[in-house]
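First, one chain by itself in structure tokens, the form predicted on its own.
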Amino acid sequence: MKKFIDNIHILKDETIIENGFIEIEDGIISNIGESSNNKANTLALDLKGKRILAIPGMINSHTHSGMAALKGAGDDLPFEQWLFQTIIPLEEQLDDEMIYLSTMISQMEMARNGITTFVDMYMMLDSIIKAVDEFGMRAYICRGLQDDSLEDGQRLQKNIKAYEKYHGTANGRISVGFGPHSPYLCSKEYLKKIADVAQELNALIHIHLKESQKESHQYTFRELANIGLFNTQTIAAHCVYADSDDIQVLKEFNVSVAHNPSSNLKLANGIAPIEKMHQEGVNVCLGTDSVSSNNSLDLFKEMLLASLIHKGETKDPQAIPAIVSFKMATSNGANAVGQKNIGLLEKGMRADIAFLDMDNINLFPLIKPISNIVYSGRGSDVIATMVDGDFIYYFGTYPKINEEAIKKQFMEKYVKLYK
């Protein structure tokens, strides 16, 4: 049966369709526009009489969902100390159950903030995929890879097996890619091996590049391109220290950059040259990074920072205008994962939608919708979030899961972790 949402406002490009409707069939927007009386054989979805604005579901292009248990760990530490002395030792204590529960908690926060899709890099993919399957989000899940003394080929093999088992499952909501952590934790030989496998499978590569000043002179993007790293769909997270030659390589190989302003600022790594990338036509999307380095999963905050910090850095008020920042969180994220059926509200697109309460005073008056969403919007404006036409967050509840049971199990594990 078709689903029907009526009497809502719909964000269309930079304007609003008033008194609009959205019709959904088999998880796809089958019709959208000004309200229609053709509601035969449809199931009306109740938005409780609120004045609602429907916007495309947001896409978190870089995160580590299994790290919810490490929220706040290593706050206010230098990057190297944070990563190697705090985070990695704690990660060694995480088990499958903790990562499953952490992924559930992360999805709760993302769905509450209007995020419908996320690109993940972490370990124990079976646990992450189980959580995504049950919760109902759309995810591109990449196994974190590094060739240290413990690797012995097993991590990459596990990644390949996960791809073969899970890629395209859950009605296409779950995709599996490859996540070499970074050139400083992966040798060039190992990166080439991963690149060859990903290209053969036509799979996504998700990698950290030039996040910190220390690694800024260790390699060039041209060197990575020469070993074939960018020969498949690639998302490069951070790129804070990408120089002009690196940016040309990103453009040449159509590599997407996941900009993580909160994380880069909090870890004092700096500000990525996003304005230059945008001018060169590089596809820039937005990520939150983990709750250890952010410490939230809220793309409203990232949209705001993505506009403000680059205006301040360039002394140009027109640098990264609101519409560009908004696209980074929506359609550019869809481009980054190679999908043409998410990131917009149009007929034929997947019904991945966030619903905002237009009566929230911070959005009032909603005369310039994109500007208000970027400069005044908050995750708390979201009253419902749906993926494939099914609510995953709805007026303070998570319809597909037992929220309290998950929180209880999480805290039982969490207390033991920090004993």
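Start at 1 with the first residue shown and count on from there. Quantities reported herein were computed from a predicted structural model and do not represent experimental measurements.
In what follows, reference is made to the form predicted together with a further copy of the same chain, a form of this protein that is not presented.
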### Message
Using a 4.5 angstroms cut-off on non-hydrogen atoms, would Lys50 count as touching a further copy of the same chain in the model of the complex?
### Response
no
### Task
Classify Asn335 as contacting or not contacting a further copy of the same chain in the model of the complex by the rule of any non-hydrogen atom within 4.5 angstroms, answering yes or no.
no
### Task
Answer for Lys311 alone: is it within 4.5 Å of a further copy of the same chain in the model of the complex, judged on heavy atom distances?
yes
### Query
Might Ser371 be said to contact a further copy of the same chain in the model of the complex, defining contact as any heavy atom within 4.5 Å?
yes
### Task
Could you tell me which one of Leu185, Leu77, Leu201, Leu90 places a heavy atom within 4.5 Å of a further copy of the same chain in the model of the complex?
Leu77
#### Entry: Contact test, all of Lys301, Pro321 and Leu363, partner a further copy of the same chain in the model of the complex, heavy atom 4.5 Å
yes
### Task
Among 168 to 176, 67 to 75, 246 to 254, 337 to 345, mark the stretch whose residues have heavy atoms within 4.5 Å of a further copy of the same chain in the model of the complex.
67 to 75
### Task
Enumerate the residues of 398 to 416 that have a non-hydrogen atom within 4.5 Å of a further copy of the same chain in the model of the complex, in sequence order, or give none.
Tyr398, Lys407, Phe410, Met411, Tyr414
